[in-house]
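Below you will find one chain, with nothing else, as structure tokens; this is the form predicted on its own, and questions on how it binds or moves follow later.
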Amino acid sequence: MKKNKKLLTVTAVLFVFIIFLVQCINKKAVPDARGTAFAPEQTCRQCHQAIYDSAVTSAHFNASAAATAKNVLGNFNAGHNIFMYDSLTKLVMEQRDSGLYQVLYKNNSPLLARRFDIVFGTRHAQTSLYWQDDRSFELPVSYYHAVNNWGTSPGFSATVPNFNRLIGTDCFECHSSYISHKKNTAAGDHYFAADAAVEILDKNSLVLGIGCQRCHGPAAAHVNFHTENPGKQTAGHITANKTLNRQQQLDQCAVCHSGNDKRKIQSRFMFRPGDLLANYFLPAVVADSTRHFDVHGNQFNLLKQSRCFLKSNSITCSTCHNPHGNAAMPAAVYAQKCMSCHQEGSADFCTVKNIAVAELKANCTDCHMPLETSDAISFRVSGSAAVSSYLLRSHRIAVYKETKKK
């Protein structure tokens, strides 16, 4: 009897030890897919807790995410989860034991089911991708905040379901921090950067979201240096935005916000703070006052058309935007930034006579950076023949016709 008790005790101790060992192994740091120069993103929080905690809630950090029930926007409840293509064909958003799916039905019989694997976007809309072997494809229905409903993914038909749109590295380069890819040699001698059809992606290498090191550079040496020298207050082996000149600061944002998607020379994943846009894209079209730039993805070119920008030698994106937070701030916050130059009583102050001064000071953007319809993105909701507009705020700061000074 005593031997049995002793055996049970030893067995229990060994079991606990094995569980502990497994947990330790699981917690072992996984090498970063970008290389040994990069540190795990969460290590930044050890010294920059407030900044990190703000950044992880931002649209940049969540530009892409795993398609979990927590991350996927849109209603999966009966009556709110259906997109009708015609009286017999419908797409249903379903939650199953193995995940979330878009399921195509014909005559109420399921024909095809594709799982939500990755989500892109959180603020204005959210589109989703599914993996098939080493390629990613866009799902045909997306979620739009403007209508709080499902609608056709950009460029997709509202009458014919399509699950075959390939998504290559171009999209990942602005919605994630990294994904490894190589050319499919069987597809011919094409350059990988502009053709998703010749790419092979390594989904296990995907680093989701726009993390700290996309803007500050590889941080492993920085983390090691300050771990070994905790008393050092000057940041070492990392790039702070304030150390860059104006053009470098602008180009750091413009690498994804300049509308240069089809003019790429090399992958944006290679961009490091301090690099110049000219090393990554063919010469951009001059942003003169007569050229139209779509409000989607062209923030930099629109800003370059602004008199405020042209007359200044210091305005950058971070003049108005906190890179560690969301751009969706109250209008009064941005108005105060405008008032730093356009003060009441000065020649540059707004001269619209039929609006109270207090109101002018509370909201500059609705008049001088209005919401405009994107020509690149539109969608349709189920059962509607109308095309829904996708509105984004223009970054061309100007006096628009409908708000011309009196």
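Counting begins at 1, following the sequence as shown. Keep in mind that this is a model prediction, so the values were computed, not measured.
Just so it is clear, the following notes concern the form predicted together with a small molecule, a form of the same protein that is not shown.
> Just one of 290 to 298, 109 to 117, 84 to 92, 197 to 205 has residues with a heavy atom within 4.5 Å of the small molecule in the model of the complex, so point it out.
Every other range fails; the passing one is 290 to 298.
> Report yes if all three of Thr152, Arg263 and Val387 come within 4.5 Å of the small molecule in the model of the complex by some heavy atom, otherwise no.
No residue of the spot touches the small molecule in the model of the complex.
> At the 4.5 Å heavy atom threshold, is Asn245 in contact with the small molecule in the model of the complex?
Close contact is absent here: in the model of the complex, Asn245 is far from the small molecule, nothing within 4.5 Å, heavy atoms only.
> Contact between Ala78 and the small molecule in the model of the complex at 4.5 Å, heavy atoms?
Ala78: no contact with the small molecule in the model of the complex.
> So, Pro140 and the small molecule: in the model of the complex, are they within 4.5 Å at any heavy atom pair?
Contact with the small molecule, no.
> Please check if Leu282 has a heavy atom lying within 4.5 Å of any heavy atom of the small molecule in the model of the complex.
Heavy-atom contact with the small molecule at 4.5 Å: absent for Leu282.
> Could you tell me which one of Ser267, Ser318, Ser157, Asn148 places a heavy atom within 4.5 Å of the small molecule in the model of the complex?
Only one option qualifies, and that one is Ser318.
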